[in-house]
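Just so you know, structure 1 and structure 2 below are the same protein chain in two forms, each on its own as structure tokens.
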Structure 1
């Protein structure tokens, strides 16, 4: 009897760890963005066949976005340590008025991020809003501030999210970006690999 209970419990544990649900199928969607090098990116088509770890940020963010970006960096490092090669990291800015490709590139450089399999995307506000609506990420303009040089900085109230997207462009799991459980996300990537 103990053996049956142990096997049943183990089966449920293994099944639960690898059972990523279908949250949103993006495979028929097409969004036109540009990356930090000003190259055109058709999302999600460009990444079809790869596991995508996607965060939603803006570079002036004082709290959640730097934590999300750092967690994605930690996931990227773990994926490399584990020898998993079919993973693409994507950060989409929802502040295209400020987050130009040059700003996104500088943001990555200041954090010494490995861009060999990580792209920072921006683009037309309508395309960005369309994707955000589809994936249920909310970004609402909040307060603003002014720098000593007189530049206005806009802040956003937004969803804290890292999405795990499979090779067929289906979102399989949403995680908190700033409080991401690195181990859980890496296990999710392994289960899709």
Structure 2
């Protein structure tokens, strides 16, 4: 009972400070991923102390995921304009079979993305699925195309999501990725800063 009261009190205090609810606490979780440079990343440990803007993508997606990625770029630009420095951008692929570090790096390079505070993550499918389940992001294999050479190109049915995570690795707000309201997310970042 005491714990419930404490959590309720804490939630009210936090809500009162920035109007953002507590959606999912990831602070005790550990996921091992690799970034676009093949460096190991312990998520969310590596980003503790930073506000994280996190998108969920697969690079064979020609429509929704580029929109999400472009919205993250726009948020990154706005955050820079506002002079907010403590923000990390993360794009996690849910198609690790195709999305190797090299593919993710190329995906970012083709879009001239500023990777100074943005990492693209991939990794073991079980680790990825484990995090997706925790943050309630849905990504399952859907339709596919077969090239004349017989290569099967897999598409996914997936949640359209950009998550805002605070400095304590708590998800504070989920936004649509492709249809994100940039200013709303920037306001959320400001309220956490």
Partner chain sequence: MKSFKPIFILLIASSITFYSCGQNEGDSKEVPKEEIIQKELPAGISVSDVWIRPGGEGMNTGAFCVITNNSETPDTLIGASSDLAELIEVHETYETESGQMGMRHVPAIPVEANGTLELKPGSYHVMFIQLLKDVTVGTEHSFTLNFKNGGAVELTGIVKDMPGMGMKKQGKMKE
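A quick note: this is a predicted structure, and the numbers were derived from the prediction, not measured. Residue numbers count along the first chain shown, from 1. If you superpose the two forms and keep the largest set of C-alpha atoms that fall within 1.5 Å, you have the rigid core.
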(request) Return 1 or 2 according to which structure is the form predicted together with its partner chain. (result) 2
(request) Superpose on the rigid core, then tell me if the C-alpha of residue 140 is displaced by 2 angstroms or more between the two structures. (result) no
(request) Give me the C-alpha shift of residue 151 between the two structures, core superposed, in Å. (result) 3.2
